[in-house]
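Just the one chain here, the form predicted on its own, laid out as structure tokens.
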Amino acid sequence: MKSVLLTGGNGFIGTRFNEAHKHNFDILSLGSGELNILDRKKIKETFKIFKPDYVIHAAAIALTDFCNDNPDKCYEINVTGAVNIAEACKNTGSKMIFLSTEQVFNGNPEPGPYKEEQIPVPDTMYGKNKLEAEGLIKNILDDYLILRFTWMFGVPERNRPVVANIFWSTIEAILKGEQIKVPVNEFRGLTYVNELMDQFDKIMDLPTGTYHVGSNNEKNRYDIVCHILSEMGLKHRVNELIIKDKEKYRDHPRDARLDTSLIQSKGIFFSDTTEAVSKCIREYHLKIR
């Protein structure tokens, strides 16, 4: 059985990977309390003892506003920490799987979907951190995967956190009886995290390189929220629950969609965003009757 060292083990991706693949791999799942990714000595000791075949580096500070407000702290974790892990991978011959983001394209003037070879122009500190880390990892390692994810979504599960996303934010608003303002000028892929987990073992054995991972999407954010409500049996409450925001991103529409044709050519497929939403609602029986 091959071994996987997982950083960010207590996070959204880490907890779900550990549960989905605990019988497929020997997994050492480490949260920030177990492994400080800025402590190079501790990292070296951990790698020397465990000798991982794969290292999934999921540890990061991914809160966009926090990164913008605290650039030095976030640089340490998102860039320096990633470099420390890459250097440890080099010493042990481990394959590094670095989790990156669609946010590397947030500032691109041309519309998406974006291919891997297009030049990213990030306009958030988080996106800039991830792009810089990508480049440094490529310089350090010969065997690596850089996975740029679209926006992942899922529901809260026992002992597993949920990250802010369109899907769960919409359900929270329904539960609270709150109206939400939703932009029509924002376009992003929305990927069901369980579809990722079902295929993560196949992804790990992809050839070295950078891959765009997740669902395709042709709808704007407002239309996705309308679809969520419709699939839940709440189409009649659309005008009551959501406000169409035509002003936000009006002058420069926000487009962070990824072209996933490369990973599809390797036999890894995801539902498009609307079908992914419908699938999640079916699987968790979220339709209101």
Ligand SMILES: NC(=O)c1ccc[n+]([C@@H]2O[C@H](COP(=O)([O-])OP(=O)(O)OC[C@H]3O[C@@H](n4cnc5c(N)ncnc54)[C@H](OP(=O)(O)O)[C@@H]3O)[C@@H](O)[C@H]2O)c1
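Heads up: residue numbers just count along the shown sequence, starting at 1. Nothing here was measured: the structure is a model prediction, and the numbers come from that model.
Just so it is clear, the following notes concern the form predicted together with the ligand, a form of the same protein that is not shown.
Novice: For the three residues S29, P52 and C89, which mark the spot I'm curious about, does each lie within 4.5 Å of the ligand in the predicted bound form through at least one heavy atom?
Specialist: Not a single listed residue reaches the ligand in the predicted bound form, so no.
Novice: Using 4.5 Å between non-hydrogen atoms, is F12 touching the ligand in the predicted bound form?
Specialist: So F12 counts as contacting the ligand.
Novice: Does the ligand get within 4.5 angstroms of any non-hydrogen atom of T64 in the predicted bound form?
Specialist: The answer is no: T64 has no heavy atom within 4.5 Å of the ligand.
Novice: Is F149 one of the residues lying within 4.5 Å of the ligand in the predicted bound form, judged by heavy atom distances?
Specialist: F149 belongs to the contact set for the ligand.
Novice: Test of understanding: in the predicted bound form, would C226 fall inside 4.5 Å of the ligand by heavy atoms?
Specialist: No.
Novice: Report the residue, out of L262, L241, M232, A58, that has at least one non-hydrogen atom within 4.5 angstroms of the ligand in the predicted bound form.
Specialist: Looking at L262, L241, M232, A58 one by one, just A58 meets the 4.5 Å heavy-atom criterion.
Novice: Only one of I77, V155, I180, I140 comes within 4.5 Å of the ligand in the predicted bound form by heavy atoms, so just point that one out.
Specialist: Exactly one residue meets the criterion: I77.
Novice: Heavy atoms, 4.5 Å, the ligand in the predicted bound form: which of 97 to 105, 201 to 209, 166 to 174, 215 to 223 makes the cut? Say which one.
Specialist: Within 4.5 Å of the partner lies stretch 97 to 105.
Novice: Are there residues in 119 to 139 with a heavy atom within 4.5 Å of the ligand in the predicted bound form, and which are they, in order?
Specialist: Heavy-atom contacts to the ligand in the predicted bound form: Y126, K130.
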